[in-house]
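The data below hold one chain only, encoded as structure tokens and taken in the form predicted on its own.
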Amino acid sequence: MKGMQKTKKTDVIVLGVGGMGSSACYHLAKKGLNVLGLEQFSIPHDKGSSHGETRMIRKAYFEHPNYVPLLRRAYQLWDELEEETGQKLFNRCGMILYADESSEVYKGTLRSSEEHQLPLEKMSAAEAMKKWPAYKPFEHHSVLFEPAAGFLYSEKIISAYVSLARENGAVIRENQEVVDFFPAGEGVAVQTKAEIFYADKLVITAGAWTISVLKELNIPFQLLRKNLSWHTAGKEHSAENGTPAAFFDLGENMFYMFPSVNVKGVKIGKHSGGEPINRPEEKQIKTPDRSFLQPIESFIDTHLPHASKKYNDFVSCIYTNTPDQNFLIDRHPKHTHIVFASGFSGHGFKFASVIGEILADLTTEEESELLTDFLRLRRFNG
């Protein structure tokens, strides 16, 4: 440690200030704790999983009905964030699902809706196309519309949480690459390339970098590089005109899209598939190749009659997947003063508001009422 600058001890350090980390910083600071947030890049940045302007949000959750209580709380917290900031951060445009009735996505959406009494509208493909001409389903598709769904402005939310955390006394430091952390007395020390920071508690929200940060836990993550593109589209795709977000389950392939919110047009991504990578540093692709463009172009040809196949913008991001594609939120099994959240498997950002609250509760209390066993580490340890 020779030559390292040592800092005064703080209550809690948050390692990684993206979607989950920014929310954790805010909730911890709001509880009155002295908070230090360390982010290895700028805030927000395009190297992880929370960039690309927007993220979808819905309550009728096909992945697992146990997520619905979390979503109910998340919705309350998104409302509070908008009220506190005076910004529009949640566009409640609704979301349409196009699928065969036999699909797991369709059946799972209905199951969550019925179990939790969530509003959901059923209609035929013809009825849906008449109502929303931006999307052209197959004739055999069944359609579910969730009016309470929509999308979040992800990068604006991260910036909002960081601003509010600072207003509540948190110190947020950008461009701080962490090289190690280790027990220090009854707390923890976090070492960057230039300094050592000390705290009573540590919250790890490192996204895809959790693989290396918590390598001793051998968490079975898989990293997938995913690509997104924006395409010129007619007024039929405009969010201002009330066009919902959409999800197409086509069997082997699943696509999602957002209505146009700016001149870049409709945003399209493929939820299924993805390219396995070993390290998050492998993510960056600046120009899409044919393996990405061909399926997107074919999808547009078939299902988006008012959109252009030519893309206006393109980004890549990372899915950090667990084997069961459910989140991982828990205390460190050996160091109870460390809590972590990762493995959001391409569907986590909508929960960022409540995940930050859960992490703040785990840091300051014995438990969180909203955290159940299906999200804990023990499910991978027998």
Ligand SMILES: Cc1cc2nc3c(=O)[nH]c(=O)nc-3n(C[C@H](O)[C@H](O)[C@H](O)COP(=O)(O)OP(=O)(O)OC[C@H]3O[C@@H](n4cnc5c(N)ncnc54)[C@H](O)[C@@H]3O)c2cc1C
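Keep in mind the model is a prediction, meaning the values are calculated, not measured. Residue indices: 1-based, along the sequence shown.
Quick note: we don't show the form predicted together with this ligand, though the next part is all about it.
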Interface check vs this ligand in the model of the complex: of 340, 67, 349, 62, the one with a heavy atom inside 4.5 Å is 349
Among 143, 199, 206, 266, just one has a heavy atom within 4.5 Å of this ligand in the model of the complex, namely 206
Any chance all of 39, 55 and 258 sit within 4.5 Å of this ligand in the model of the complex, going by non-hydrogen atoms? yes
Give a yes or no for residue 177: in the model of the complex, does one of its heavy atoms lie within 4.5 Å of a heavy atom belonging to this ligand? yes
Should residue 162 be counted as a contact of this ligand in the model of the complex, where contact means heavy atoms within 4.5 Å? no
Taking heavy atoms and a 4.5 Å cut-off, does residue 45 contact this ligand in the model of the complex? yes
Would residue 228 count as a contact of this ligand in the model of the complex, using a 4.5 angstroms cut-off between non-hydrogen atoms? yes
Please identify, from 304-312, 100-108, 209-217, 134-142, the stretch that has a heavy atom within 4.5 Å of this ligand in the model of the complex. 209-217
Interface residues of 95-127 toward this ligand, as seen in the model of the complex [heavy atoms, 4.5 Å]: none
